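Form predicted alone, single chain, as C-alpha coordinates, below.
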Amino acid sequence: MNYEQAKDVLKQNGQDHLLQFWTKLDKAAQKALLEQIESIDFREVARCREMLANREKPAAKKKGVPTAPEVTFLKGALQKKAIAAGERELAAGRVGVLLVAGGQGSRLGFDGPKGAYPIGPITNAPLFYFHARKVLALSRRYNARIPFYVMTSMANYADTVAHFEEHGYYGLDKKDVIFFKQGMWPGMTEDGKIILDQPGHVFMSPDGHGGMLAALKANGCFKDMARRGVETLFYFQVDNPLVNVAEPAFIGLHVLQKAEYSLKLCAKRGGREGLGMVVRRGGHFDMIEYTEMTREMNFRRTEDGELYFKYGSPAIHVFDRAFLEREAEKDMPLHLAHKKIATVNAAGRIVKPTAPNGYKFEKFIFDILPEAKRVALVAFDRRDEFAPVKNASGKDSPETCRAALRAKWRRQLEGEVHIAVPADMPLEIDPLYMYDGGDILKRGFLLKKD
(Lines give C-alpha, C1' and ligand atoms only; values in the text may rest on other atoms or scores of the structure.)
Protein backbone atom coordinates (compact mmCIF):
# COMPACT_ATOMS: atom_id res chain seq x y z
CA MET A 1 0.00 0.00 0.00
CA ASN A 2 1.31 3.45 -0.92
CA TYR A 3 0.36 6.87 0.43
CA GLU A 4 -2.33 7.58 -2.20
CA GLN A 5 -3.96 4.19 -1.69
CA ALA A 6 -3.97 4.68 2.08
CA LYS A 7 -5.44 8.15 1.68
CA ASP A 8 -8.30 6.81 -0.47
CA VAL A 9 -9.09 3.94 1.92
CA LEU A 10 -9.07 6.23 4.94
CA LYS A 11 -11.25 8.83 3.24
CA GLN A 12 -13.82 6.19 2.32
CA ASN A 13 -13.96 5.08 5.94
CA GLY A 14 -13.89 8.48 7.64
CA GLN A 15 -10.41 8.02 9.14
CA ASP A 16 -8.40 10.65 7.21
CA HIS A 17 -6.83 11.94 10.43
CA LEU A 18 -4.47 8.95 10.58
CA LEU A 19 -2.26 10.69 8.01
CA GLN A 20 -2.34 14.16 9.58
CA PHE A 21 1.33 13.98 10.68
CA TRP A 22 2.60 12.31 7.50
CA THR A 23 5.01 15.03 6.46
CA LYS A 24 6.63 15.04 9.91
CA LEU A 25 7.47 11.33 9.79
CA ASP A 26 10.73 9.88 8.52
CA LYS A 27 10.73 7.22 5.80
CA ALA A 28 10.80 4.30 8.25
CA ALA A 29 7.88 5.67 10.27
CA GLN A 30 5.87 6.33 7.09
CA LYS A 31 6.45 2.77 5.93
CA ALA A 32 5.39 1.36 9.33
CA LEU A 33 2.23 3.48 9.38
CA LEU A 34 1.23 2.34 5.89
CA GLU A 35 1.74 -1.28 6.96
CA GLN A 36 -0.53 -0.72 9.95
CA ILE A 37 -3.24 0.88 7.84
CA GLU A 38 -3.06 -1.96 5.33
CA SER A 39 -3.51 -4.49 8.15
CA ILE A 40 -6.76 -2.91 9.39
CA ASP A 41 -9.96 -4.72 8.40
CA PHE A 42 -12.29 -1.80 7.73
CA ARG A 43 -15.30 -4.08 7.50
CA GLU A 44 -14.68 -4.95 11.14
CA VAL A 45 -14.03 -1.27 11.89
CA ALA A 46 -17.51 -0.53 10.57
CA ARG A 47 -18.95 -3.13 12.96
CA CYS A 48 -17.05 -1.54 15.84
CA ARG A 49 -18.31 1.95 14.94
CA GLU A 50 -21.87 0.69 14.77
CA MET A 51 -21.48 -0.87 18.20
CA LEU A 52 -20.16 2.41 19.60
CA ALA A 53 -23.04 4.34 18.08
CA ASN A 54 -25.52 2.00 19.79
CA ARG A 55 -23.68 1.52 23.09
CA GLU A 56 -26.22 3.53 25.10
CA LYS A 57 -29.15 1.51 23.82
CA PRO A 58 -30.33 -1.40 26.02
CA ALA A 59 -28.99 -4.71 24.81
CA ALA A 60 -31.57 -7.02 23.30
CA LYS A 61 -32.68 -9.53 25.89
CA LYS A 62 -31.88 -13.12 25.12
CA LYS A 63 -34.80 -15.48 24.95
CA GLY A 64 -35.33 -17.91 27.79
CA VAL A 65 -34.72 -17.77 31.53
CA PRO A 66 -31.21 -18.94 32.44
CA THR A 67 -31.15 -22.11 34.52
CA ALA A 68 -28.28 -24.10 36.00
CA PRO A 69 -27.28 -27.01 33.74
CA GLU A 70 -26.48 -30.55 34.81
CA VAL A 71 -22.81 -31.41 34.97
CA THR A 72 -21.07 -34.76 34.57
CA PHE A 73 -18.80 -36.19 37.25
CA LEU A 74 -16.25 -38.55 35.76
CA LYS A 75 -16.03 -41.54 38.06
CA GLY A 76 -16.59 -45.28 38.11
CA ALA A 77 -17.53 -47.07 34.91
CA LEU A 78 -18.09 -43.83 32.98
CA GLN A 79 -14.61 -42.63 33.82
CA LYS A 80 -13.01 -45.89 32.69
CA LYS A 81 -14.96 -45.83 29.45
CA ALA A 82 -14.03 -42.18 28.83
CA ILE A 83 -10.34 -42.81 29.54
CA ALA A 84 -10.28 -45.70 27.08
CA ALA A 85 -11.96 -43.59 24.40
CA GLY A 86 -9.61 -40.68 24.98
CA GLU A 87 -6.54 -42.89 24.85
CA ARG A 88 -7.68 -44.26 21.50
CA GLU A 89 -7.96 -40.72 20.12
CA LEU A 90 -4.55 -39.71 21.44
CA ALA A 91 -2.84 -42.85 20.16
CA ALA A 92 -4.42 -42.39 16.74
CA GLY A 93 -3.06 -38.84 16.47
CA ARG A 94 -6.51 -37.28 16.28
CA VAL A 95 -5.92 -34.78 19.15
CA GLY A 96 -4.25 -31.37 19.01
CA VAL A 97 -3.48 -28.91 21.81
CA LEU A 98 -4.02 -25.15 21.63
CA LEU A 99 -2.48 -22.73 24.12
CA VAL A 100 -3.73 -19.13 24.34
CA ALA A 101 -0.57 -17.16 25.17
CA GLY A 102 -0.93 -13.65 23.79
CA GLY A 103 -0.46 -11.82 27.08
CA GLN A 104 2.49 -10.02 28.59
CA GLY A 105 3.67 -10.40 32.21
CA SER A 106 3.36 -6.69 33.01
CA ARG A 107 0.77 -7.18 35.78
CA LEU A 108 3.26 -9.48 37.47
CA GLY A 109 6.09 -7.00 37.13
CA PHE A 110 7.68 -9.22 34.47
CA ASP A 111 9.08 -7.97 31.19
CA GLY A 112 8.24 -10.53 28.54
CA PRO A 113 5.57 -13.02 27.45
CA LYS A 114 3.48 -14.20 30.37
CA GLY A 115 4.30 -17.78 29.43
CA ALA A 116 7.97 -17.08 30.18
CA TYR A 117 7.16 -16.10 33.76
CA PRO A 118 9.11 -18.30 36.25
CA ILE A 119 6.72 -20.40 38.33
CA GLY A 120 8.57 -23.63 39.26
CA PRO A 121 8.73 -23.84 43.09
CA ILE A 122 12.39 -24.94 43.04
CA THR A 123 13.79 -24.44 39.54
CA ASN A 124 11.81 -21.30 38.58
CA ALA A 125 10.85 -23.11 35.38
CA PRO A 126 8.49 -20.92 33.32
CA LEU A 127 4.83 -21.50 32.62
CA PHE A 128 5.67 -22.60 29.06
CA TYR A 129 7.83 -25.39 30.48
CA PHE A 130 4.98 -27.04 32.38
CA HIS A 131 2.62 -26.88 29.41
CA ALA A 132 5.08 -28.12 26.80
CA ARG A 133 6.36 -30.96 28.96
CA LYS A 134 2.82 -32.25 29.44
CA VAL A 135 2.33 -32.34 25.68
CA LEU A 136 5.64 -34.19 25.39
CA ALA A 137 4.61 -36.65 28.12
CA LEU A 138 1.40 -37.50 26.27
CA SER A 139 3.22 -37.80 22.94
CA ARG A 140 5.61 -40.35 24.40
CA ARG A 141 3.00 -42.21 26.41
CA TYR A 142 0.82 -42.78 23.36
CA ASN A 143 3.61 -42.85 20.76
CA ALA A 144 1.83 -40.16 18.78
CA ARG A 145 2.61 -36.75 17.35
CA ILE A 146 0.47 -34.20 19.17
CA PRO A 147 0.64 -30.80 17.49
CA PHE A 148 1.00 -27.88 19.90
CA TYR A 149 -0.60 -24.68 18.56
CA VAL A 150 0.53 -21.57 20.46
CA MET A 151 -1.50 -18.41 19.89
CA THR A 152 0.60 -15.30 20.48
CA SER A 153 0.01 -11.61 19.90
CA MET A 154 1.90 -9.05 17.84
CA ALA A 155 3.48 -7.86 21.09
CA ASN A 156 5.01 -11.19 22.10
CA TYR A 157 5.26 -13.37 18.98
CA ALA A 158 8.99 -12.89 18.39
CA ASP A 159 9.88 -13.22 22.08
CA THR A 160 7.76 -16.37 22.43
CA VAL A 161 9.38 -18.07 19.44
CA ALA A 162 12.83 -17.05 20.70
CA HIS A 163 12.00 -18.46 24.14
CA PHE A 164 11.09 -21.87 22.76
CA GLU A 165 14.15 -21.92 20.52
CA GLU A 166 16.40 -21.02 23.46
CA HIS A 167 14.96 -23.91 25.49
CA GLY A 168 15.04 -26.50 22.72
CA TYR A 169 11.24 -26.51 22.48
CA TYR A 170 11.33 -28.31 25.86
CA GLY A 171 11.98 -31.60 24.06
CA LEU A 172 9.16 -31.30 21.53
CA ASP A 173 9.80 -31.69 17.82
CA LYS A 174 10.03 -28.19 16.36
CA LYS A 175 7.78 -29.29 13.50
CA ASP A 176 4.99 -30.02 15.98
CA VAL A 177 5.02 -26.58 17.63
CA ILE A 178 3.03 -24.10 15.54
CA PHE A 179 3.11 -20.43 16.53
CA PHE A 180 0.52 -18.04 15.16
CA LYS A 181 -0.65 -14.50 15.92
CA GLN A 182 -4.10 -13.42 16.98
CA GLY A 183 -5.56 -10.38 15.26
CA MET A 184 -5.14 -6.80 16.37
CA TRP A 185 -7.87 -4.16 16.34
CA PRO A 186 -7.52 -0.39 16.55
CA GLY A 187 -8.88 1.47 19.55
CA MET A 188 -11.45 4.20 18.94
CA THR A 189 -12.80 7.37 20.49
CA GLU A 190 -16.48 7.48 21.36
CA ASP A 191 -17.27 9.03 17.97
CA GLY A 192 -15.66 6.12 16.11
CA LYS A 193 -12.33 7.72 15.23
CA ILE A 194 -9.32 5.39 15.27
CA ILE A 195 -6.76 6.50 17.87
CA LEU A 196 -3.18 7.47 17.11
CA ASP A 197 -1.03 6.87 20.19
CA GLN A 198 1.99 8.36 18.40
CA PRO A 199 2.11 10.67 15.36
CA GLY A 200 2.98 7.70 13.14
CA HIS A 201 1.41 4.82 15.03
CA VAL A 202 -2.16 3.50 15.42
CA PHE A 203 -3.10 2.19 18.86
CA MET A 204 -3.85 -1.52 18.43
CA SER A 205 -4.88 -4.18 20.95
CA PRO A 206 -5.42 -7.97 20.65
CA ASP A 207 -8.87 -9.03 19.48
CA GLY A 208 -9.47 -11.36 22.45
CA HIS A 209 -9.38 -15.13 22.84
CA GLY A 210 -12.34 -15.31 20.47
CA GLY A 211 -9.98 -14.05 17.79
CA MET A 212 -8.59 -17.57 17.82
CA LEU A 213 -11.04 -18.65 15.12
CA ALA A 214 -10.06 -16.02 12.57
CA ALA A 215 -6.38 -16.51 13.44
CA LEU A 216 -6.51 -20.29 12.98
CA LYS A 217 -8.08 -19.78 9.59
CA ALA A 218 -5.81 -16.93 8.47
CA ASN A 219 -2.63 -18.74 9.50
CA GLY A 220 -3.50 -22.05 7.84
CA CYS A 221 -3.84 -23.94 11.12
CA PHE A 222 -7.12 -25.61 10.16
CA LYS A 223 -5.45 -26.95 7.02
CA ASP A 224 -2.54 -28.17 9.13
CA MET A 225 -4.93 -29.98 11.47
CA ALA A 226 -6.74 -31.61 8.57
CA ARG A 227 -3.42 -32.74 7.07
CA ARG A 228 -2.41 -34.30 10.37
CA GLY A 229 -5.80 -35.93 10.93
CA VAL A 230 -6.59 -33.85 14.03
CA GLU A 231 -10.31 -33.94 14.79
CA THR A 232 -10.35 -32.78 18.42
CA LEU A 233 -8.66 -29.71 19.87
CA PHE A 234 -7.86 -29.20 23.57
CA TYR A 235 -7.84 -25.49 24.55
CA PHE A 236 -6.40 -23.77 27.63
CA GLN A 237 -4.78 -20.53 28.78
CA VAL A 238 -1.16 -19.86 29.59
CA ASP A 239 -1.56 -18.63 33.17
CA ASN A 240 -2.72 -21.99 34.61
CA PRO A 241 0.15 -24.52 35.06
CA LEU A 242 -2.05 -26.97 36.98
CA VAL A 243 -4.20 -27.87 33.96
CA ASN A 244 -4.24 -31.53 32.88
CA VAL A 245 -3.41 -30.95 29.23
CA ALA A 246 -5.52 -33.12 26.88
CA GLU A 247 -6.57 -35.36 29.77
CA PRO A 248 -7.72 -38.69 28.23
CA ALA A 249 -10.95 -38.84 30.26
CA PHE A 250 -12.02 -35.35 29.16
CA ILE A 251 -11.12 -36.03 25.54
CA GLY A 252 -12.91 -39.37 25.71
CA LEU A 253 -16.14 -38.02 27.14
CA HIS A 254 -16.19 -35.32 24.46
CA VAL A 255 -15.90 -38.00 21.77
CA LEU A 256 -18.34 -40.44 23.39
CA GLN A 257 -21.00 -37.76 23.67
CA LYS A 258 -20.28 -36.55 20.11
CA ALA A 259 -19.96 -33.04 21.50
CA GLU A 260 -18.89 -30.06 19.44
CA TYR A 261 -17.91 -28.02 22.49
CA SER A 262 -16.97 -29.45 25.90
CA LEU A 263 -16.13 -27.44 29.00
CA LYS A 264 -14.61 -28.24 32.36
CA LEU A 265 -16.34 -26.48 35.25
CA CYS A 266 -15.37 -26.06 38.89
CA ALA A 267 -17.29 -25.03 42.00
CA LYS A 268 -16.94 -21.31 42.66
CA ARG A 269 -15.25 -20.06 45.83
CA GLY A 270 -18.21 -17.78 46.42
CA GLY A 271 -21.00 -15.93 44.70
CA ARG A 272 -18.82 -13.16 43.31
CA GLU A 273 -15.85 -15.13 41.98
CA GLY A 274 -14.89 -13.93 38.51
CA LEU A 275 -15.75 -17.03 36.49
CA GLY A 276 -18.14 -17.16 33.57
CA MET A 277 -21.24 -19.25 34.16
CA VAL A 278 -22.60 -21.83 31.74
CA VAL A 279 -26.41 -21.81 31.75
CA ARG A 280 -29.28 -23.42 29.88
CA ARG A 281 -31.39 -20.90 28.05
CA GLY A 282 -34.13 -21.44 25.52
CA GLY A 283 -33.09 -24.96 24.56
CA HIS A 284 -29.37 -24.30 24.22
CA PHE A 285 -26.32 -23.57 26.33
CA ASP A 286 -24.97 -20.08 26.89
CA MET A 287 -22.20 -18.39 28.87
CA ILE A 288 -22.85 -15.41 31.12
CA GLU A 289 -19.80 -13.30 31.96
CA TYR A 290 -19.35 -12.80 35.70
CA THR A 291 -19.69 -9.03 35.18
CA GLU A 292 -23.17 -9.63 33.77
CA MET A 293 -24.40 -11.80 36.65
CA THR A 294 -26.97 -10.05 38.84
CA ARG A 295 -26.66 -10.10 42.62
CA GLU A 296 -29.65 -12.44 42.77
CA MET A 297 -27.96 -14.87 40.36
CA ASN A 298 -24.66 -14.70 42.24
CA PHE A 299 -26.16 -15.58 45.60
CA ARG A 300 -29.22 -17.69 44.78
CA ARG A 301 -29.22 -20.89 46.83
CA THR A 302 -30.73 -24.33 46.42
CA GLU A 303 -32.80 -25.97 49.15
CA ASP A 304 -29.69 -27.63 50.59
CA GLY A 305 -27.84 -24.30 50.79
CA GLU A 306 -25.57 -24.72 47.76
CA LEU A 307 -25.11 -21.94 45.21
CA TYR A 308 -27.67 -22.45 42.47
CA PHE A 309 -25.22 -21.22 39.80
CA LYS A 310 -22.39 -23.17 41.36
CA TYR A 311 -20.04 -24.19 38.55
CA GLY A 312 -17.89 -21.63 36.76
CA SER A 313 -15.69 -21.91 33.68
CA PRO A 314 -11.86 -21.59 34.02
CA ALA A 315 -11.43 -21.68 30.21
CA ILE A 316 -10.50 -25.36 29.83
CA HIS A 317 -12.27 -26.55 26.69
CA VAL A 318 -12.34 -29.25 24.04
CA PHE A 319 -13.60 -28.46 20.54
CA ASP A 320 -14.54 -30.44 17.49
CA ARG A 321 -12.38 -29.12 14.65
CA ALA A 322 -15.21 -29.14 12.13
CA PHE A 323 -17.30 -27.02 14.52
CA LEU A 324 -14.53 -24.43 14.84
CA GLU A 325 -14.08 -24.27 11.08
CA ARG A 326 -17.80 -23.72 10.65
CA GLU A 327 -17.86 -20.93 13.23
CA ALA A 328 -14.78 -19.28 11.73
CA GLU A 329 -16.90 -18.39 8.70
CA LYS A 330 -19.26 -16.25 10.81
CA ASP A 331 -18.98 -12.84 12.46
CA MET A 332 -18.58 -13.19 16.20
CA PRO A 333 -20.24 -10.80 18.66
CA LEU A 334 -18.10 -7.86 19.79
CA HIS A 335 -17.41 -6.73 23.34
CA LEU A 336 -16.11 -3.28 24.16
CA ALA A 337 -14.16 -1.94 27.13
CA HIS A 338 -13.78 1.72 28.08
CA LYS A 339 -10.07 2.30 28.76
CA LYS A 340 -7.40 4.95 29.25
CA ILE A 341 -5.49 5.11 25.95
CA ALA A 342 -2.57 7.40 25.20
CA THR A 343 -3.29 9.67 22.24
CA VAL A 344 -1.74 12.61 20.40
CA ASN A 345 -3.00 16.18 20.37
CA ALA A 346 -3.20 18.53 17.40
CA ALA A 347 0.46 19.44 17.86
CA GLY A 348 1.49 15.77 17.73
CA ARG A 349 2.37 15.56 21.42
CA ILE A 350 1.52 12.38 23.32
CA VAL A 351 -1.16 12.84 25.97
CA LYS A 352 -1.69 10.27 28.73
CA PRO A 353 -5.29 10.49 29.96
CA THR A 354 -6.30 10.36 33.62
CA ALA A 355 -9.73 8.90 32.83
CA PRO A 356 -11.03 6.43 30.21
CA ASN A 357 -11.05 8.13 26.83
CA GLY A 358 -11.25 5.32 24.30
CA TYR A 359 -12.61 1.89 23.53
CA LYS A 360 -11.02 -1.49 22.92
CA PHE A 361 -12.87 -4.30 21.14
CA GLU A 362 -12.66 -8.03 21.79
CA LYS A 363 -14.23 -11.33 20.81
CA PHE A 364 -14.81 -14.09 23.38
CA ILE A 365 -14.52 -17.75 22.41
CA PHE A 366 -17.46 -18.80 24.56
CA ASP A 367 -19.81 -16.74 22.38
CA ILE A 368 -19.90 -19.72 20.01
CA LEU A 369 -21.30 -21.96 22.77
CA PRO A 370 -24.97 -21.42 21.78
CA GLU A 371 -24.08 -22.56 18.26
CA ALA A 372 -22.89 -25.99 19.39
CA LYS A 373 -25.32 -28.80 18.58
CA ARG A 374 -24.05 -30.97 21.43
CA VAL A 375 -22.27 -29.82 24.60
CA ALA A 376 -20.57 -31.77 27.39
CA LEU A 377 -20.02 -30.22 30.84
CA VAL A 378 -17.53 -31.91 33.16
CA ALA A 379 -17.10 -31.01 36.84
CA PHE A 380 -13.60 -31.19 38.30
CA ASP A 381 -11.78 -30.49 41.57
CA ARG A 382 -10.14 -27.09 41.22
CA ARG A 383 -7.34 -28.14 43.57
CA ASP A 384 -6.08 -30.48 40.85
CA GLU A 385 -6.40 -28.29 37.81
CA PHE A 386 -6.95 -24.59 38.40
CA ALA A 387 -4.49 -22.19 40.03
CA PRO A 388 -4.00 -19.27 37.63
CA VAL A 389 -1.27 -16.65 37.91
CA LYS A 390 -3.15 -13.37 37.46
CA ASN A 391 -2.05 -11.03 40.24
CA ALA A 392 1.34 -10.07 41.64
CA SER A 393 0.15 -10.84 45.18
CA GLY A 394 -2.87 -12.13 47.08
CA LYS A 395 -5.35 -14.44 45.39
CA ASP A 396 -4.35 -16.09 42.11
CA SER A 397 -0.75 -14.98 42.52
CA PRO A 398 2.59 -16.74 41.97
CA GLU A 399 2.65 -17.60 45.67
CA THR A 400 -0.75 -19.31 45.64
CA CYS A 401 0.01 -21.05 42.34
CA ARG A 402 3.30 -22.53 43.60
CA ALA A 403 1.56 -23.73 46.75
CA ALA A 404 -1.14 -25.39 44.62
CA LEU A 405 1.49 -27.09 42.45
CA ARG A 406 3.30 -28.50 45.50
CA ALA A 407 0.03 -29.67 47.04
CA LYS A 408 -1.00 -31.44 43.84
CA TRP A 409 2.31 -33.27 43.50
CA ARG A 410 2.13 -34.25 47.16
CA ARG A 411 -1.39 -35.67 46.73
CA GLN A 412 -0.27 -37.63 43.66
CA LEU A 413 2.69 -39.15 45.48
CA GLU A 414 0.65 -40.00 48.56
CA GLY A 415 -2.38 -41.26 46.64
CA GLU A 416 -0.70 -43.29 43.92
CA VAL A 417 2.51 -44.40 45.57
CA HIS A 418 1.63 -44.13 49.27
CA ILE A 419 4.65 -41.98 50.04
CA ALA A 420 4.22 -39.56 52.93
CA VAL A 421 5.45 -36.12 51.86
CA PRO A 422 5.80 -33.39 54.52
CA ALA A 423 3.78 -30.32 53.64
CA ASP A 424 6.80 -28.05 54.00
CA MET A 425 9.17 -30.20 51.94
CA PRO A 426 10.52 -28.51 48.77
CA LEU A 427 8.94 -30.33 45.83
CA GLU A 428 8.85 -29.96 42.06
CA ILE A 429 8.24 -32.68 39.47
CA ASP A 430 8.90 -32.56 35.74
CA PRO A 431 5.58 -33.29 33.97
CA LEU A 432 7.46 -35.56 31.57
CA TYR A 433 8.40 -37.74 34.54
CA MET A 434 4.93 -37.64 36.05
CA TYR A 435 1.98 -36.48 33.96
CA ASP A 436 -0.13 -38.18 36.62
CA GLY A 437 0.64 -40.35 39.62
CA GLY A 438 0.40 -43.56 37.65
CA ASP A 439 3.53 -42.67 35.65
CA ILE A 440 5.74 -43.32 38.65
CA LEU A 441 4.41 -46.87 38.98
CA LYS A 442 4.92 -47.57 35.27
CA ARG A 443 8.52 -46.41 35.42
CA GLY A 444 9.19 -48.83 38.25
CA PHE A 445 11.39 -46.41 40.17
CA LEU A 446 9.04 -46.55 43.14
CA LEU A 447 6.92 -49.46 44.22
CA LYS A 448 3.39 -49.07 45.46
CA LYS A 449 2.86 -50.69 48.82
CA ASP A 450 0.15 -53.33 49.28
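Being a predicted model, the structure only gives us computed values, none of them experimental. Heads up: residue numbers just count along the shown sequence, starting at 1.
There is another form of the same protein, the form predicted together with a small molecule; it is not shown, and what comes next is about it.
- Under a 4.5 angstroms non-hydrogen atom cutoff, the small molecule in the predicted complex has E362 among its neighbouring residues.
- Heavy atoms of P147 never reach within 4.5 Å of the small molecule in the predicted complex, leaving it off the interface.
- Using a 4.5 angstroms limit between non-hydrogen atoms, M151 touches the small molecule in the predicted complex.
- Using a 4.5 angstroms limit between non-hydrogen atoms, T189 is distant from the small molecule in the predicted complex.
- For the candidate set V278, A101, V378, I119, a heavy atom within 4.5 Å of the small molecule in the predicted complex is found for exactly one residue, namely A101.
- Checked against the small molecule in the predicted complex, the residues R47, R410, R382, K390 give one hit for a heavy atom within 4.5 Å, which is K390.
- Partner contact region in the predicted complex: 106 to 114, out of 106 to 114, 347 to 355, 225 to 233, 321 to 329, criterion any non-hydrogen atom within 4.5 Å of the small molecule.
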